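Just one chain is shown here, as structure tokens, and it is the form predicted on its own.
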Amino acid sequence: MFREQWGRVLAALIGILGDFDLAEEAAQEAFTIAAERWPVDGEPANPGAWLLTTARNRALNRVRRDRTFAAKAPLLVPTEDAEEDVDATAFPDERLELIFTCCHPALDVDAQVALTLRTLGGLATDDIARAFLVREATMAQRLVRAKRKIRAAGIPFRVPSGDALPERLAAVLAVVYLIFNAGFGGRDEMTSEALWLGRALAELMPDEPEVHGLLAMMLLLDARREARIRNGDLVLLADQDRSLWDAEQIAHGRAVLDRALALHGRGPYVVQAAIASLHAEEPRDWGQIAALYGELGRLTGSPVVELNRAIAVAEERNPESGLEIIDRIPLEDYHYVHAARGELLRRLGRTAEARDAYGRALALVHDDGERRLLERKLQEL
């Protein structure tokens, strides 16, 4: 229930209170009370509304002890201190307001992404720190500074209108993309959250091709969810059982991609969606995939994209061509570089070098599923 309701409850509270810290503390208290009471009393008919009412009343108790009670108390409009269910239709869904607040241009992009992952996505600070490759204490301070800046600058809690929407879009899309990536590692509720946000953004901004590109990419990748894990182990794309893929969702993703292309979309999310669509075909057109990765690299300048292009080139031509590209990529601490080198060296029969590359990848990997996959690759050698 925490994973399903956290973002919605917190967004509603921030909309009421205008205070990130107070809202987060009150929401945490409400979920703690639920964890204690629901196993005894049973789950309420409307869990989200129950959590919001409980959190709102806990916030009122805190405000009463605060000197700003006179200014903030009227916003809460409680009926009683008891936790009562509110009508489901009265439970606001203000997650879009929250994501655009977190992505205000007064904050730097890293702070925008981190704050939204923390508040809307419910990710722990150490998870966000790992995504940013920084220490947990560093990330905690970054989050504190972002909240203070929102309060000091009086950043409004609302979806911007008119010309202000597009300039905020890049950061918003980056946030949704990272939330989806967090879910793609096995947290299905995060994937669902990212897909909800993608659909909501597509409805809010129907003429923005990159919005449709991101949604199409997520739909196409998520369609393979059931085939990615077998008996607890990660299954590579080439080895997946395609009968487990969600054909209806693939068709939906391609329809959304068509909408992005009809809007003359040529941005990085549209290109990534096109690549995902090609990966859903059999046989795969590796030449076209490699060309699209080349275009994506031109748009982003990302060495990670260049790694993906190298793999596609290896499939289209030969392992030597892919290895030549990989050896120029400046990502010594990125385990996927070493895993890809290990695979191509294995195909070339350079077993000792392949073993060394896989060993380097194992030393850098954090995910248990990926670790087991690399261990299997080493055992095969």
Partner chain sequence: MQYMMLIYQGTTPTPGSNEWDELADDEKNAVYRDYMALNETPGVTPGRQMQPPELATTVRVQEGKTLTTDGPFVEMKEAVGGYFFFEADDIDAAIEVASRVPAARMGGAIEIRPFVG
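Since the structure is predicted, the reported quantities are computational estimates derived from the model, not experimental observations. Residue numbers count along the first chain shown, from 1.
Omitted from view is the form predicted together with the partner chain, to which the following refers.
- A heavy atom within 4.5 Å of the partner chain in the predicted complex is found for one listed residue only; from P303, G287, P156, P166, this is P156.
- For the candidate set R95, H104, R142, R259, a heavy atom within 4.5 Å of the partner chain in the predicted complex is found for exactly one residue, namely H104.
- In the predicted complex, the partner chain sits beyond 4.5 Å of every heavy atom of L236.
- Put simply, A152 is close to the partner chain in the predicted complex: some heavy atom of it is within 4.5 Å.
- The candidate stretches are 228 to 236, 287 to 295, 104 to 112, 198 to 206, and the one lying within 4.5 Å of the partner chain in the predicted complex by heavy atoms is 104 to 112.
- Annotation: L299/E167 CA-CA distance shorter in the predicted complex than in the displayed model, change of at least 3 Å.
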